[in-house]
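First, one chain by itself: the form predicted on its own, in structure tokens.
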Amino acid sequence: MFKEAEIRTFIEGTTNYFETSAQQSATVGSPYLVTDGNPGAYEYTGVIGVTGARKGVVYFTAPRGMLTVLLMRMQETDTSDENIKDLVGEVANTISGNARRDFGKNFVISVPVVIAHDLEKVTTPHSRSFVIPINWRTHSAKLVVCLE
């Protein structure tokens, strides 16, 4: 089971991403545990597989509107579907990479798998997932941590 300090690592990684990339802070709602069923997803999701000392997935999921505004804040004018998919994968990879730094070399992460427009494909390997709600400007997203 996750310790509070481990969840804090993911929260800090998320808030640091927005402060660094968008020069605007994001707020994080109260993390909650989903014990039965799928924690859900938005239109775009970047999934990171985790192996080693922990096994499972970490994913960042957000609606197109949020990702479009985030690209614009990063001075990117190309808001095509491909750039949106690259961005959602980058967010997931950066947050997971920061967690790897804190958890050590036995926290092995994969390259991101991006799922767009197909919410049924976003699944977790088991039924216990922590959901970290993320609010940035007027947009909502979430980081889902599903690790054994």
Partner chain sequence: MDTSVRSKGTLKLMIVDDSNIIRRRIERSQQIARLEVVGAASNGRAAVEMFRRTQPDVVTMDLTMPEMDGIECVEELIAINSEVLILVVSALADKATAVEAIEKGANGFLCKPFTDRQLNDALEELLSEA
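Residue numbers count along the first chain shown, from 1. Bear in mind that the values here come from a model prediction, so they are computed numbers and not experimental data.
Note that the form predicted together with the partner chain isn't included here; everything after this is about it.
Colleague: Within 4.5 Å of the partner chain in the predicted bound form, heavy atoms considered, which of Val122, Met66, Leu87, Val57?
Modeller: Contact residue from the list: Leu87.
Colleague: Considering non-hydrogen atoms and a 4.5 Å limit, which listed residue (Ile115, Val28, Ala41, Ile109) is close to the partner chain in the predicted bound form?
Modeller: Result of the distance check: Ile109.
Colleague: So in the predicted bound form, is the partner chain close enough to Thr61 to count as touching (4.5 Å, heavy atoms)?
Modeller: Heavy-atom contact with the partner chain at 4.5 Å: absent for Thr61.
Colleague: Verify the contact flag for Phe130: yes if a non-hydrogen atom of it lies within 4.5 Å of a non-hydrogen atom of the partner chain in the predicted bound form, no if not.
Modeller: No, Phe130 is distant from the partner.
Colleague: Should Ser140 be classed as touching the partner chain in the predicted bound form when contacts are defined as heavy atoms within 4.5 Å?
Modeller: Output for Ser140 is no: heavy atoms all beyond 4.5 Å of the partner chain.
Colleague: Does Gly104 reach the partner chain in the predicted bound form if we count a contact as any heavy atom within 4.5 Å?
Modeller: The answer is yes: Gly104 has a heavy atom within 4.5 Å of the partner chain.
Colleague: Using a 4.5 Å cut-off on heavy atoms, which residues of 35-73 contact the partner chain in the predicted bound form?
Modeller: Result: Leu71 alone.
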